[in-house]
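To begin, one chain is listed below as structure tokens, in the form predicted on its own.
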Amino acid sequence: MEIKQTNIGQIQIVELIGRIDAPNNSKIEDFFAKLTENLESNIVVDCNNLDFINSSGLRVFIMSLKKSKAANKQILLCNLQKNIKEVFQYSGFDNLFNINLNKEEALEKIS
């Protein structure tokens, strides 16, 4: 699992590369806990290179969403691969996140 972080103005762009699974759960959980601790900007999570996510990874996204809403900020996911979209659909999380955005749409929507 690799995590890349960049800024575009007041928007944090997080790119996830690889798999969110048991060996990587603590890394992703720690990263998002720190990112959302004193949230001052909106977040776009680019999942274009995310190959797998388990239930612990879904929990990280939900916790991040709750923290962002509490701070009156947004967290959007974009570029979900088909298998990742299916996990969100089967879990019902597609009702919480718009899972059909590409990066440009996410940036436009969050600006």
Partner chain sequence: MRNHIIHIKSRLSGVGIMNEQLAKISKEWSISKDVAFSMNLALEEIVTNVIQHGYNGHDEYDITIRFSLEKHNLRIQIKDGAPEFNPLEIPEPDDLAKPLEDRNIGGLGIHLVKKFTDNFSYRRMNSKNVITLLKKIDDGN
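Nothing here was measured: the structure is a model prediction, and the numbers come from that model. Numbering follows the first chain given and starts at 1.
Heads up, the form predicted in complex with the partner chain isn't pictured, but that's what we're talking about next.
- Although the partner is absent from this view, residue 52 contacts the partner chain in the predicted bound form, with a non-hydrogen atom inside 4.5 angstroms.
- Mapping the unseen interface onto this chain, residue 99 falls outside it, with no heavy atom inside 4.5 Å of the partner chain in the predicted bound form.
- At a distance threshold of 4.5 angstroms between non-hydrogen atoms, residue 45 is out of contact with the partner chain in the predicted bound form.
- In the predicted bound form, the partner chain sits within 4.5 Å of a heavy atom of residue 87.
- Checking 65, 78, 39, 28 against the partner chain in the predicted bound form, a heavy atom within 4.5 Å turns up for just one residue: 65.
- Taking the partner chain as positioned in the predicted bound form, the residues of 87-110 that bring a heavy atom within 4.5 Å of it are, in sequence order, 87, 90, 91, 92, 93, 95, 96.
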